[in-house]
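Below sits a lone chain in structure tokens, taken as the form predicted on its own.
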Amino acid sequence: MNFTITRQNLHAGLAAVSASIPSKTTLPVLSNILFEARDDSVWMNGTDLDVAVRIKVPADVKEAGSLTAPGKKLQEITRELPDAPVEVATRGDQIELSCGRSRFKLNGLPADEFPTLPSISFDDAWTVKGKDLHSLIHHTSFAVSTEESRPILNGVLWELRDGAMRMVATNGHRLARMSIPAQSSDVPSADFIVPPAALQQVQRLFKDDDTLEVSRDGNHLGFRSGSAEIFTRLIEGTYPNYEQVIPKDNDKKAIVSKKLLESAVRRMAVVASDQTHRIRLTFEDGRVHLSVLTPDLGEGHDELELDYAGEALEIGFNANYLLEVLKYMPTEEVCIAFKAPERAATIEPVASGGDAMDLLCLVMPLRLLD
């Protein structure tokens, strides 16, 4: 293998692919990037066996070939090289870099030791705008579970329906659900559970104005736009019926400034129990009282004005879950809806100017001890 490439293109390709390399692995080849030089470009491939990233960068290929080489080391070297053409060549299982007066040789591994990437056809792919996909991921993926006891909740449910696209994530204590109209009407109806790590790569590699092709083959999902491709293994199983836990009859509604509520909850969280993070919210006409009492630490009280009319209601929440949900609300005001202290509360953005967003978050309450 022998090719010449600009330092910028080499560094951009390595930076894009290196993020998919696992920080710790028992398989040495997974710390490497696979280079495949052919025609007038070089493909760079990285994977952690669950998510794979491929990037195509233009290069002047003198001799086709392939080899794997240490990804992070190559990235660090390339970052410091002068802005001059870089010649990359292989000698046996070594990769050689020449740029100006700089020369490097790194030990690699044969290309056939690199895991085979899934072969997904994009012939019947559906398309989605990068901006729409980024919005879905941003507003839902924070709610996935990190506990290994229920692996099905470790992923984001992606639902495709006639004319609509929806993502849902939950850990059983809080939930986020968002829908957008589908760009194309020929989107096949499908559900799949996508690992958050793959969605993070999608957010990182693709821009808002990109049009992405998405295709599924068996238990793998592929994303493609321009010269970048991402493949991921899907999480197998049936996602729980989340519609059952979303209350339809929450009739007590409070509209409040997101920023003011966030600040007040954050203050209360300082004195909340390290185990439960429980805070108490008491809603009454025109205001909400926030309080916390932790016997071995102390207590705190705060008060906010808001738009609420109805019978008084006391409800307890995990402050961390409440803050998380508020963080991803895209509007200055939010609407919190309740039914009773032991029933789930829903939080939705309050749109100004008619740009309503189909986003709903849910937080399960905590039992209050008198």
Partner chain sequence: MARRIHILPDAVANQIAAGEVVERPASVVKELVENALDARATRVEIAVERGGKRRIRVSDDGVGMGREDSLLCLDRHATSKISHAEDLKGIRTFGFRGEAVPSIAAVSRLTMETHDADDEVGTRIVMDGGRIAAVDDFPRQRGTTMEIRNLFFNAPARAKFLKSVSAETRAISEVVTSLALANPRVGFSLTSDDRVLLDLAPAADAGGRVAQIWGGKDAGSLVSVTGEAGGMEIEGLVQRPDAAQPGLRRAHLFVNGRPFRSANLIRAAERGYRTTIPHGARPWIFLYVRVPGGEVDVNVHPAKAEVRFRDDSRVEELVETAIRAALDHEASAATFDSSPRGPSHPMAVREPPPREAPEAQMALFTSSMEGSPSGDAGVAPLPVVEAPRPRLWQVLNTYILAETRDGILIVDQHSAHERVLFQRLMDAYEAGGQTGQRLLFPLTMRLTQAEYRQVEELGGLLGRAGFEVEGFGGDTVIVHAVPNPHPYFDAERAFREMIDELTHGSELVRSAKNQHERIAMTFACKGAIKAGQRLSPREMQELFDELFATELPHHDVHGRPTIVRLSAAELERKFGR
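Positions refer to the first chain, counted from 1. Since this is a predicted model, take the numbers as computed values, not measurements.
Keep in mind that the form predicted in complex with the partner chain is not shown, yet the notes after this line are about it.
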property	result
In the predicted bound form, the residue from Arg267, His173, Lys73, Arg216 that sits within 4.5 Å of the partner chain by heavy atoms	His173
Among the candidates Glu147, Glu80, Asp112, Asp124, the residue which, in the predicted bound form, approaches the partner chain to within 4.5 Å (heavy atoms)	Glu147
Among 83-91, 124-132, 238-246, 194-202, the region lying within 4.5 Å of the partner chain in the predicted bound form by heavy atom distance	238-246
Residue contact check: Tyr308 to the partner chain in the predicted bound form, 4.5 Å heavy atom	no
Contact test in the predicted bound form: Ser189 vs the partner chain, heavy atoms, 4.5 Å	no
Exercise: Leu10 in contact with the partner chain in the predicted bound form, heavy atom 4.5 Å	no
Exercise: Glu342 in contact with the partner chain in the predicted bound form, heavy atom 4.5 Å	yes
The partner chain in the predicted bound form - contacting residues of 253-270, heavy atom within 4.5 Å	none
